[in-house]
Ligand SMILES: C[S@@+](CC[C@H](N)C(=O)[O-])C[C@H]1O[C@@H](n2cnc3c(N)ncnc32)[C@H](O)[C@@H]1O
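Below, in structure tokens: the form predicted on its own, a single chain.
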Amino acid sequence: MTVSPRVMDSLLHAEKMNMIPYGPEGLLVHLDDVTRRLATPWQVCMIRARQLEECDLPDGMVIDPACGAGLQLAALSNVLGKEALGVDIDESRAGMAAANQQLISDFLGQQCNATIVAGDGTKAAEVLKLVSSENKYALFYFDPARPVGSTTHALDEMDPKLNIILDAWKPYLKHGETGPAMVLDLSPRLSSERRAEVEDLVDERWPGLDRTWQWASRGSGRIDRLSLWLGAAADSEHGRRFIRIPPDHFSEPLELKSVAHSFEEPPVQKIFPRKGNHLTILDSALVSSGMASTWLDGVLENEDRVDWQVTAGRRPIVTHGEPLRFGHELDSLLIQCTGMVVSLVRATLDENNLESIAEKAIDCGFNKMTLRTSLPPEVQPVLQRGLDRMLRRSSGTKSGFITRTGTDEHLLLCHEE
């Protein structure tokens, strides 16, 4: 299909406005059902823009060749104080993006310096001819569409294709001392093999370019964003970063960094927990990023031994000798729970054994316990309600959780800290 590019007028879009996702009160933008689902949350847009503000970017414009509703482009343009060009192949989305540039700049009290083109972002020469731009681009930002429900997360599922879009814009990217500045926003479930494929595509075009992989999470064990920062946008001293996005847009994010570019899953020691050990169920997003060991080094005493009990799945578990020491206000958001093991019960967690498990919990002084172990979704609420009911007769004051280290037969009753 041939698409004739055209510059979009921000005044032509009249679709109903909505509150911007995860943004300040009063900031209204144009979003339809599709873009509302796909749009980068404003809080994330601003975190990225402020990170790039700290980079030594070359002079020039920002280009986003698949800009969607244009929220990230608006954040970059306004925070970095640069002119920007956004392209989207869907004319309706391009219209929304054009209107959103003006709305966001007005809200921030700044002049709108972004131009939006409805056209094919892989046809760089055609787009640039239309806007009569002779500038070299200081920052290349790319967030391709990806199919919903994909299980392979293969690079050929991206739209536009990564290799095609890189070839199209390579001649127009301005180089600083460390090469062009690029940010590639990729599937958060990209495997290590797929990440290596992305790096190969970059190396074929810019050999030896600095790179930093960045994982970002809102919690709940989910990686919300995975991106590759390249050249002048990369952190030359760190190959990986993990960003814990705060629950509100007023707080600063927690940022963890590692020199190592690649990582391996931590080995499972399976040294069985004992009474008096401390047990922590980590946020699985932190573990997926390979930054869990770096974080644990900062919240435990240097001589404290950490034993990995479970590394995969929704509930990664470590045991350690001393309680965690949080130094950042967001540290507590990198765990699901932590506590001291006060009892071990050799039993299957089911309705037949629930009474004896509750009796043991009451003997230990618990009046509230949360089940934090893998159970069928139809079984978990039934068992939790039954346990809550049985613990009402307890005169104890402790609260805690019940978990299991993998497939071990013992349940661990932990006093939550």
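Not measured: the values here are computed from a predicted model. From 1 onward, residues are counted along the sequence shown.
Only in words, not in the display: the form predicted together with the named molecule, which the text now covers.
Taking a 4.5 Å heavy atom cutoff to the named molecule in the predicted complex, the contact residue among 71, 99, 310, 282 is 71. The contact residue chosen from 369, 66, 62, 52 relative to the named molecule in the predicted complex is 66, the criterion being a non-hydrogen atom within 4.5 angstroms. Heavy atoms within 4.5 Å of the named molecule in the predicted complex are found in one stretch of 139-147, 244-252, 175-183, 327-335, which is 139-147.
The named molecule in the predicted complex is approached by residue 39, whose closest heavy atom lies within 4.5 angstroms of it.
Within this chain, residue 232 is remote from the site of the named molecule in the predicted complex, having no heavy atom within 4.5 Å. Proximity of residue 122 to the named molecule in the predicted complex falls within the 4.5 Å heavy atom cutoff. In the predicted complex, the named molecule stays beyond 4.5 Å of every heavy atom belonging to residue 301. With contact defined as any non-hydrogen atom lying within 4.5 angstroms of the named molecule in the predicted complex, the contacting residues in 87-103 are 87, 88, 89, 90, 93, given in sequence order.
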